[in-house]
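The chain below stands alone and is given as C-alpha cells, in the form predicted on its own.
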C-alpha cells in the first residue's frame, strides 16, 4: 500500500491539491464563513481527480500488479491525507484563536461562526460528505465526476448555511463559544464530528470497492 500511495502523491495528484491545503488557514479570517475553507480543500481534490482522469490514471493503476480494491484504497488514502493536512492547519488556527486571540475585538464582533472546536467538527463533516458523495459517486464509473461533485456542492453549502445559523437560534449560542468557554460541549461536538467523518468515509470506501469491482476497464 505504501507504493500505491506514493504513486498517488507523486504521479496522480495535481499540484492544486497541495496548494489548496493552505485554505485551511481561512479559519483565521473574521467576517467570513470559515467552513468555506474546507470546501476549497475539496475543490483542490476535485481538480486532482480531473487531472488524473485526463492522464488515464485509473487505467494505469488497474494494470499494476495490485488488487482493484487497492486502487480504491490508494485514492481514499490520498484524499484523507490531504484532508488531514488541512485539518492540522485549521487546528492551529483554532488553538491560536482559543488562546492568544480569544479576546481580539475583530473576532469578538464577528457575527459569523467562530473558529472553535465546533467549527472543526463542521469541517470534518464536510470532508466526510465529500468522501461519501464525491468519492463514492466517482467509483460508480471511475470516470464521471461532474454530477457527484455538483451534488456535493449543493449539500455542503446547505450544511454551511445551517451551521452558520445555529448560534443565532436562542438556546444554541454555546456552539459559538470563544476561547475555552463551554469546552466540554465543544469537545463533545468535535468527537461527534470525528465519528461522523469516520463512519461516512468507511461507508463510502466499502461501497466504492464493490462498485469498482463491477467496472470492466
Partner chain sequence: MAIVEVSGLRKEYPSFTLRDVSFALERGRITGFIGRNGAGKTTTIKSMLNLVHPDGGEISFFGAPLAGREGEVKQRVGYSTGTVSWYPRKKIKDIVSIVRQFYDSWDEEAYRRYLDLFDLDESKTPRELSAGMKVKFNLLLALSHGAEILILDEPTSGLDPFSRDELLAVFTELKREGVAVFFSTHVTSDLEKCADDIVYISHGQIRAALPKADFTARYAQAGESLEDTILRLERGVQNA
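Positions refer to the first chain, counted from 1. Fair warning: this is a prediction, and the values are worked out from it, not measured in the lab.
Not pictured, yet referred to below: the form predicted in complex with its partner chain.
**Item:** All of 103, 164 and 182 within 4.5 Å of its partner chain in the predicted bound form, heavy atom check
**Value:** No, the candidate spot makes no contact with its partner chain.
**Item:** Heavy atom of residue 64 within 4.5 Å of its partner chain in the predicted bound form
**Value:** Residue-level check for residue 64: yes, a contact with its partner chain.
**Request:** Would you please decide whether residue 12 lies within 4.5 angstroms of its partner chain in the predicted bound form, comparing each non-hydrogen atom pair?
**Result:** Yes.
**Asked** With a 4.5 Å heavy atom cut-off, would you call residue 59 a contact of its partner chain in the predicted bound form?
**Response** Answer yes; at least one heavy atom of residue 59 falls within 4.5 Å of its partner chain in the predicted bound form.
**Asked** Does its partner chain get within 4.5 angstroms of any non-hydrogen atom of residue 51 in the predicted bound form?
**Response** Yes, contact at 4.5 Å.
**Asked** Looking at 153, 187, 55, 36, which has any heavy atom no more than 4.5 Å from its partner chain in the predicted bound form?
**Response** Residue within 4.5 Å of the partner: 55.
**Candidate stretches 188 to 196, 65 to 73, 22 to 30, 145 to 153, one within 4.5 Å of its partner chain in the predicted bound form by heavy atom** = That would be stretch 65 to 73.
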